[in-house]
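Single chain ahead, written as structure tokens, the form predicted on its own.
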């Protein structure tokens, strides 16, 4: 079993996942440097699959490299770019190297990226791919062809509690849970009331009993970054008051600190909700704020080590 699945099953502490930085060169040394930055503070990290519809080093290659350097990967597989054969191959290929965590998602539309002329695939949707991944773990491809030694997989997906139709989001989460998703990394959101409603609905419908909910928290530096997400990223809505609070905080350092404070408040709120199992962190700052955040929140593996280090010796 993956370490992530064990931690979520135990419920002993909030789990922390994050996203691996996109790699566009530098060889394995670039991966190793990023692993060193993340490993002390997170439990597992997403090997992203062409995020925001931009081409980067492949999800499978990054997941395998992360695993080799001792950081537990979550292999993202996006339905936008690949048909069912390629997606099954991604999962099975990574599993050969010990990658067990998989997150299936639709993916941003190609118009969000720098090659908008790319053709969309969408052979299967994310709910169908969750089911397909479950079949691989059970010992068969989608075709029915047997897998003699099936992989051990811990399967997850993504859901957006913040985008309309809001009332349908819990139902979609239930469909993914019923299909076999055991964790849901939630999309970026700046509306605590919508997150509350979604998590409450997941608890009431039994989703949270089978499927861990991991709200996404975003580290940014500027009001401009918030405005860009609000104006240009489908599915993300940020209250103008939040943008103004950050943008109007003062000089560059004050603005960065105000943005960090917003992130801390959203994280604390998310962790306070019954049914939430941890956080997923997206880091757009890349200035050490991820380490600061998990330490300020007193979550993540570094805090466990610190508690052990300060535990009095029994004599």
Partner chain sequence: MKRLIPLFEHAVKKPVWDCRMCGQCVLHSTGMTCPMTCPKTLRNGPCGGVREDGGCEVKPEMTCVWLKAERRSHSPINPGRWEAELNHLRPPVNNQLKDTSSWINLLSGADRRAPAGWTGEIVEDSADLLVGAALVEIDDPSSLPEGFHS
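Positions refer to the first chain, counted from 1. Because the structure is predicted, anything quoted here is derived from the model rather than measured.
There is also a form predicted together with the partner chain; it is not shown, and the following applies to it.
J.: Note which of 169, 245, 221, 82 lies within 4.5 Å of the partner chain in the model of the complex, where distance is taken over heavy atoms; exactly one does.
T.: So the residue touching the partner chain in the model of the complex, by this definition, is 169.
J.: Note which of 106, 227, 152, 210 lies within 4.5 Å of the partner chain in the model of the complex, where distance is taken over heavy atoms; exactly one does.
T.: The residue in contact is 106.
J.: Answer with yes or no whether residue 196 is in contact with the partner chain in the model of the complex, where contact means some heavy atom within 4.5 Å.
T.: No, residue 196 is distant from the partner.
J.: Is residue 165 close to the partner chain in the model of the complex, meaning a heavy atom pair under 4.5 Å apart or at it?
T.: Contact check for residue 165: yes, within 4.5 Å of the partner chain in the model of the complex.
J.: Report whether the minimum heavy atom distance between residue 93 and the partner chain in the model of the complex is within 4.5 Å.
T.: No, no contact at 4.5 Å.
J.: Tell me, yes or no, whether residue 140 is in contact with the partner chain in the model of the complex, where a contact means a heavy atom of each within 4.5 Å.
T.: Contact with the partner chain, yes.
J.: Identify whether the partner chain in the model of the complex is within 4.5 Å of every residue in the set 132, 144 and 160, based on non-hydrogen atoms.
T.: Per the other structure, all of 132, 144 and 160 touch the partner chain.
J.: Only one of 94-102, 70-78, 196-204, 117-125 has heavy atoms within 4.5 Å of the partner chain in the model of the complex; I'd like to know which.
T.: Checking each option against the 4.5 Å cut-off leaves 117-125.
J.: Enumerate the residues of 208-237 that have a non-hydrogen atom within 4.5 Å of the partner chain in the model of the complex, in sequence order, or give none.
T.: Heavy-atom contacts within 4.5 Å come from 234, 235, 237.
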